[in-house]
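Next comes just one chain, in C-alpha cells: the form predicted on its own.
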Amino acid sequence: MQSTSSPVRITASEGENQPERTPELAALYRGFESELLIPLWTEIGDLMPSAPRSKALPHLWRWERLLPMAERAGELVPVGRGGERRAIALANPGLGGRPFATPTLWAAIQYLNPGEDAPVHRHTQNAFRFVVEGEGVWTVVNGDPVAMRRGDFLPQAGWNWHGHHNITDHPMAWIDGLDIPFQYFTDSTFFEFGPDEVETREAPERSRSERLWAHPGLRPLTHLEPAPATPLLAYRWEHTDRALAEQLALEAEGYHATIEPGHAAVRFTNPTTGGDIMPTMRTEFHRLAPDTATAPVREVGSSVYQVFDGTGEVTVADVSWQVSRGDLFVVPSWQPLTVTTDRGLDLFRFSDTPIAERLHLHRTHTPEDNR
C-alpha cells in the first residue's frame, strides 16, 4: 500500500524503451514511493536534458517603476534589527516566487534615507554594490569607510563586517548583488549581527583599501599572498569609463582592442590574483558604440545586467525589450543574448560564471562555433 506520508509520486512514462503499463508495474512504483525511491527511466528527460533548460525566465525590471516603490518603502519601512536592510529583491517569474533573480544570483534595490544607518552585520554570502545614480552614502567595511558614487562598483567578500550610513540630506538608492541563492541551496550560509550603528562617521575621499590597492599594476610588498576575493573595496567610475573609452579609441585607430566591432568591455579583477573579484561572481562593464549590434551568444550560467546609460534593444531567446538607464534584465543559462543600439549603451553585468568554470562546466556558443 502506498504510504500517504511519502512525498514521492511516480507516473509511468510513455515512449520508446519504457516498460509496459501493467498492474504489476503500478505496484512496483507504489513500492518505490513508500521507500522514497525514484527510477531514473521516468526522470531522465528532466534531469539530464540535451542542453540546459533553466527554470529562470528572461525578464526585465524597469528602473522608472522600481525607484518610486523604493522611495515609498523609505517612507513606510524602518531600517534596523529585524529587517536589517531596506532592500527589495528581484523575483524571477520562473522561480516560484522566491526572491531570486536567477537560480544562483540575488539582485535588489537598496534605499537609505538621510541620516540613516543600515546596521552592521556579516554573512558568508559574497556581495557588492553598484551605483547607477546619486551619492552620499558610505559603506563601512571592517571599519573602513568607502564612498559610494554614480558608476562605482563596490565589492565586499563574505564574512566581513559591514554597514552603511547616509550623511547627507537626501536619500540614495543602489543595486545589491549577492550569491544568496547559491549559498541557500548548498546549505552553506552563516550570518552574525554586529553593532546597530556603523563604527565611524568619517567620510574620507579615499578609503584605506583604495590607498593601498588602487594603483594600476602596483602591489604592496606587505601583501604578496593571493586572496580568495578582492581586497579593493571600490572600483571607481572614472577608471572604468576611461578604460572603455580608450578601447573604442584604439579600435578607431585600427588596433585590436574590443571583443567585437564597437563593443568595448572590461572585467573587474582581484589585484592579488588577476582573477575574478569573488569566487562565485564575475562582474564586467560593457560599452556599445552607436550603431552597434552584438553577435548572439549562449553561455552556461546566468547573468543579471543593469543599464548604466544610453538606450538600446535587448533580445534574450525570443523576448525583446527597449531598455534605458537603470533597467535590469536577466539572461538565464544557455539563452541567446543580442544587444543593439543606435545611440550607444553602457551595461553593468554580473554572472555566476566562476562557479561553472571551477566545476569545468562552463561553455559558450557563438555563430563562429557553427563554422
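Note that this is a predicted model, so its numbers are computed, not measured. Heads up: residue numbers just count along the shown sequence, starting at 1.
Keep in mind that the form predicted in complex with a further copy of the same chain is missing from the display, and what follows is about it.
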Among 287 to 295, 131 to 139, 164 to 172, 245 to 253, mark the stretch whose residues have heavy atoms within 4.5 Å of a further copy of the same chain in the predicted bound form. 245 to 253
With the partner left out here, if you bring back a further copy of the same chain in the predicted bound form, are Ile88, Arg211 and Thr240 all within 4.5 Å of it by some heavy atom? yes
Partner-free chain; cross-checking a further copy of the same chain in the predicted bound form, the single residue of Ala157, Val120, Ala73, Ala147 with a heavy atom within 4.5 Å is Ala73
Would you please decide whether Ala56 lies within 4.5 angstroms of a further copy of the same chain in the predicted bound form, comparing each non-hydrogen atom pair? yes
Looking at the partner-bound form in the predicted bound form, is Asp187 within 4.5 Å of a further copy of the same chain by any heavy atom? yes
Proximity of Thr269 to a further copy of the same chain in the predicted bound form, heavy atoms at 4.5 Å: yes
Mark Gln306 yes when one of its heavy atoms lies within 4.5 Å of a heavy atom of a further copy of the same chain in the predicted bound form, and no otherwise. no
Can you list, in sequence order, the residues from 76 to 96 that come within 4.5 Å of a further copy of the same chain in the predicted bound form, counting heavy atoms only? Leu76, Val77, Pro78, Arg81, Gly82, Gly83, Glu84, Arg85, Arg86, Ala87, Ile88, Ala89, Leu90, Ala91, Pro93, Gly94, Leu95, Gly96
